[in-house]
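Presented below, as structure tokens, is a lone chain in the form predicted on its own.
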């Protein structure tokens, strides 16, 4: 890891990003995409630190190259891709002000999960470039209760496969923002799971472009929130060509005064016939003060597509609860069984068994705190 004073990016590109950020400003609730997550209010006058957040990486499997973005003489694959993907206002901020970060180049099928952790305060960048046919399982962890803005770019070559599990533990008082921009070539696959347990403000924003036939993005996630914690996942998936596929399944449990947000927009571009997209978001509210805002959207400019979306917010099913209680199960235990069952189908898609069990353990711990 490094926090030195440069980023492997042309000065003109950094100035362009800074100009974008200054023109837009810190997002607030009057910005439509941020109406449920008032970043300006959460940050207050302090804003983000001028420093650069830290990154830590586990042992590299064969077939993975690493480059420290704070070092000079970046390789060609970094120069080609860093700062090249679609830019949101907060990714512009990290591109402009981060003084370091990490870049990974995956050249073949990599054995075993690779652990990447972000900690500390400030802005930081990450770049992942995967060659044709390459494969990687990435475990991303967030640590600490800091004000952190992470900008990530991911480029998947033909038939490349990325399995991504992101775990964001509860971080009371923290403001954590992460923006991921991604492109997928023909036959590439992005398979992800995001487990979030809340912060003062926590937001994960994804912008995914399916640019080659056969590309697919399968997203799932769970949030278990209590007290005053907040967790927002905002996704945008573009089916730029036909015969592409995307699924989204998000389950949220909110207790105390917490707030759970899902915003998902799927766009099927003109001529992208044969695209297939499904969005499902559901939330359980465990208290009268908890709030869930679920907002799936479809924008379709093509014919011959299969697209569906749905959202539901409520309490546990009364008939199911009665069924379990009628068989001698105490109400507290019956409710716990139903909550676990509600969340389970959003976790079964995690391909790596160890990571799947790690997420389940984190969910169990969080449910214990929420119900206490």
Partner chain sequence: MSSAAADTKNTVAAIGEKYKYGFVTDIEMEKAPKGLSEDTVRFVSAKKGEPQWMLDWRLGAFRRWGEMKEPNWARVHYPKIDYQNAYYYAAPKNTPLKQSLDEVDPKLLETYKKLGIPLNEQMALAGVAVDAVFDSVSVATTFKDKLNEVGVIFCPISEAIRDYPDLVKQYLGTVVPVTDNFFATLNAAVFTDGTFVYVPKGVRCPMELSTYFRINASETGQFERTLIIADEGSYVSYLEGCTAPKRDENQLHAAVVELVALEGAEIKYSTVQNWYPGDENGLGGIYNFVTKRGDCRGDRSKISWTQVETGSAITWKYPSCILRGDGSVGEFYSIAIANHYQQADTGTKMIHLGKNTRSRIISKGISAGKAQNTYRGQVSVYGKAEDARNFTQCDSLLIGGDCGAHTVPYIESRNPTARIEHEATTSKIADDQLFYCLQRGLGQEEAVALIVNGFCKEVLQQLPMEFAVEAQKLVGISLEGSVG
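All values reported here derive from a predicted model rather than from experimental measurement. Numbering follows the first chain given and starts at 1.
The discussion below concerns the form predicted in complex with the partner chain, not included here.
When you look in the predicted bound form, the only residue of 340, 325, 56, 35 with a non-hydrogen atom within 4.5 Å of the partner chain is 35. Between the options 296, 221, 212, 157, the residue in contact with the partner chain in the predicted bound form by a heavy atom within 4.5 angstroms is 296. For the chain shown alone, residue 344 is not a contact residue for the partner chain in the predicted bound form, no non-hydrogen atom being within 4.5 angstroms. Under a 4.5 angstroms non-hydrogen atom cutoff, the partner chain in the predicted bound form lacks residue 44 among its neighbouring residues. Proximity of residue 28 to the partner chain in the predicted bound form falls outside the 4.5 Å heavy atom cutoff. Though the partner is left out of this view, residue 270 does reach within 4.5 Å of the partner chain in the predicted bound form, counting heavy atoms only. Only one listed stretch (287-295, 101-109, 186-194, 133-141) carries heavy atoms within 4.5 Å of the partner chain in the predicted bound form, and that stretch is 287-295.
Applying a 4.5 Å heavy atom cutoff to the partner chain in the predicted bound form picks out 295, 296, 297, 298, 299, 300, 301, 302, 303, 304, 305, 307, 308, 309, 310, 311, 312 from 295-312, in order along the sequence.
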